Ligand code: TRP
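There is one chain below, alone, in structure tokens, taken in the form predicted on its own.
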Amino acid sequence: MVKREMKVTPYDVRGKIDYDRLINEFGLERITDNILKRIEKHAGEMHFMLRRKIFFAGRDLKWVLDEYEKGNKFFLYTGRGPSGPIHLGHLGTWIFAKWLQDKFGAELWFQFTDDEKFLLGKNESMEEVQKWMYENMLDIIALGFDPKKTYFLVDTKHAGMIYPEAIKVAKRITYSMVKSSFGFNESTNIGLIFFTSVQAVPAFLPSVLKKKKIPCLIPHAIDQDTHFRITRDILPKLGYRKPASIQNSFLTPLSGPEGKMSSSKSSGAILTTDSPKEVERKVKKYAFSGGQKTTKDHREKGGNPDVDVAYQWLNYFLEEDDRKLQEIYEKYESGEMLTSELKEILIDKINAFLKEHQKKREKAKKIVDDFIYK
């Protein structure tokens, strides 16, 4: 396998991801034990994705907890660019956001950037983007967000509300800023050059609507950090506090340890709509193994769960029980458990999760309108 240079931007992720390096390059703060204890104190438990450092860095988490303790509750902001189907790699951020909503009683403002995906696409029509947006909404609703505290913002649908605020942001962003931040050049369409102004708006829109300054916490995958660094630079100039953020790592693609999962690569992703047979086929055919080449060698030398994709997926969100996960780790590392057995555990876990998710996804069709901001 040819190793590729690491690149992490909102529009391109490739190579083997060095999260320590990203913390330094992006100027992030590691989540400290003290922050974890404070979150646990208020939530009543520690989410396993925090315990396992899936969510590993952030900005201003101390401040947002200070405000919460003063009675100034934060709202959550995250989103989705509807360019295709949802795969399992998308779900981690939203599963954690749902937990935050439940434990902290937080409103969630969920932005669908249909404009960005239309501007990015080479041949996609706006109708196709809208089709994927509806399908994506079903997956998000299926995760169990509270319809009374969750507001879907659609950039094109809610443009009348978003645009007056976006131009205030845009006035303070220069072309040189977005050019250096995103790697844009003279052939980049002007819509994308403007877009980061739109993505900044939900970080302060509830404060505008409610006419009071409300803290914002943004759970997001680390590749989106560039947008929010710019947002944090600009919002104080508009009289608003910088949004806090908490970043998660990527779910490793099925096919190997580099890059992040993509719906367009069948060898790297499992979709939320995949059948049990399709899940089994993909895992058995594509899941990168940390095992030895022969059964004899594996029994003698053991496997490497730290690079094995089946184990990494269980660790990410499919096995919440730490004791069970540790038992799998030890059995695989010792050679007692074979790669084929580990893959069977993963297949069963994925299919159990998707069976319930797909039922909820079907029910979501009746309540989509309840989530769209009125």
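Keep in mind the model is a prediction, meaning the values are calculated, not measured. Numbering starts at 1 and follows the sequence shown.
What comes next is about the form predicted together with this ligand, which is not displayed.
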Handout entry: Joint contact, Gly81, Gln111 and Ile218 to this ligand in the predicted complex, by non-hydrogen atom at 4.5 Å
Key = yes
Practice task
Quick one: find which of 68-76, 221-229, 288-296, 157-165 has residues within 4.5 Å of this ligand in the predicted complex by heavy atom distance.
Solution key: 221-229
Exercise for the section: Identify, from the list His87, Arg241, Lys117, Lys282, the residue with a heavy atom within 4.5 Å of this ligand in the predicted complex. Expected result: Lys117
Handout entry: Distance check, Ser197 to this ligand in the predicted complex, heavy atom within 4.5 Å
Key = no
Practice task
Determine the residues of 284-299 with a heavy atom within 4.5 Å of this ligand in the predicted complex and present them in sequence order; the list may be empty.
Solution key: none
